[in-house]
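Below you will find one chain, with nothing else, as structure tokens; this is the form predicted alone, and questions on how it binds or moves follow later.
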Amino acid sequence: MADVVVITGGGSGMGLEAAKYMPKEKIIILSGRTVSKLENAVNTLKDLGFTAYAHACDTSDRESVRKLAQYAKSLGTVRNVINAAGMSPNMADGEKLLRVNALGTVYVNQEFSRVMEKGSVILDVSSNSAYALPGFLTKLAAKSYPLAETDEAQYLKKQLKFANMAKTDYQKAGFAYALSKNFVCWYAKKCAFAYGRKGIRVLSLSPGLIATDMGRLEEKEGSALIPFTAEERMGTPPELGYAIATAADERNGYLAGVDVLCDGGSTNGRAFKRK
């Protein structure tokens, strides 16, 4: 059977770019909420010589994710799952951000791990915002992370309580976003050790400010990070696509249980800021 690559949030941006770096003998499934965008992306891949399909999926809906996993399994051996679906602070309120970014990661990892075999990979896309909040706050928030698997309502309630400590609506959404992405890093590590016994490698990757449609939405607020990058610029979609594709490649078999920080150095840049 053919190997299958599933990319959520694959209709554009870094998800679509990651698909372009996959081996052409694999079947590519691009998923997202907007069918027209997915079909355009699939046509782009087909023009490049890929076998590609579109499948609508809302990752904040477990049943939708389950159907995507079953569809992928029907096409072959699910070898690589890249969970790039996500929303940013300018796109949604705090609860929606937590449902898509955090609970969506739970659904993707759980449902796909049930159909994947030894030698396969799950890569969850996070963000360098996972490192942005004060350490004491993320430590407090992390105490309720396990509730995402056992009591979603309580998980959301506790995370929103922390997010609502901010003043403005945008700042509250920003806090929720950062907490959701910190959760993604934590959950990918948790899954790495849970699924590793089955031979499924799991890791996360945290981009910085990238010149995608979503990145442009956050450019006004996020531009403050650019002076802290090593080259003082935004990242490009092809750069992140290549980073994601190589990290998610099954041949990179010993890279597990970690977060790959791919942000041009901005998270660490404050310590080395040019005088």
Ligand SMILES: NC(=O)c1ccc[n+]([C@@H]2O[C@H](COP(=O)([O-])OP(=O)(O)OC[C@H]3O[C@@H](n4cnc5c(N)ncnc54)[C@H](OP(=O)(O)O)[C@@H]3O)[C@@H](O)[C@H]2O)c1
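The first residue of the sequence shown is number 1, and the count goes up from there. Note that the coordinates shown come from a computational prediction; the quantities given were computed from them, not determined experimentally.
Not on display, but discussed next: the form predicted together with the named molecule.
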The named molecule in the predicted bound form has a heavy atom of only one listed residue within 4.5 Å, and of V100, A178, V115, A192 that residue is V100
Contact with the named molecule in the predicted bound form, heavy atom within 4.5 Å, among V81, A163, A188, V125 goes to V125
- Query: Is the gap between G208 and the named molecule in the predicted bound form 4.5 Å or less for some heavy atom pair?
  - Reply: yes
- Query: Though only this chain appears here, would I28 touch the named molecule in the predicted bound form if you measure heavy atom gaps against 4.5 Å?
  - Reply: no
| said: Is it the case that T267, even though its partner is missing from this view, gets within 4.5 Å of the named molecule in the predicted bound form, heavy atoms only? | reply: no
*Is A132 close enough to touch the named molecule in the predicted bound form, meaning at least one heavy atom pair within 4.5 Å?*
no
Contact at G32, C57 and S60 by the named molecule in the predicted bound form, all three, heavy atom at most 4.5 Å: yes
With a 4.5 Å heavy atom cut-off to the named molecule in the predicted bound form, the contacting stretch among 193-201, 139-147, 115-123, 81-89 is 81-89
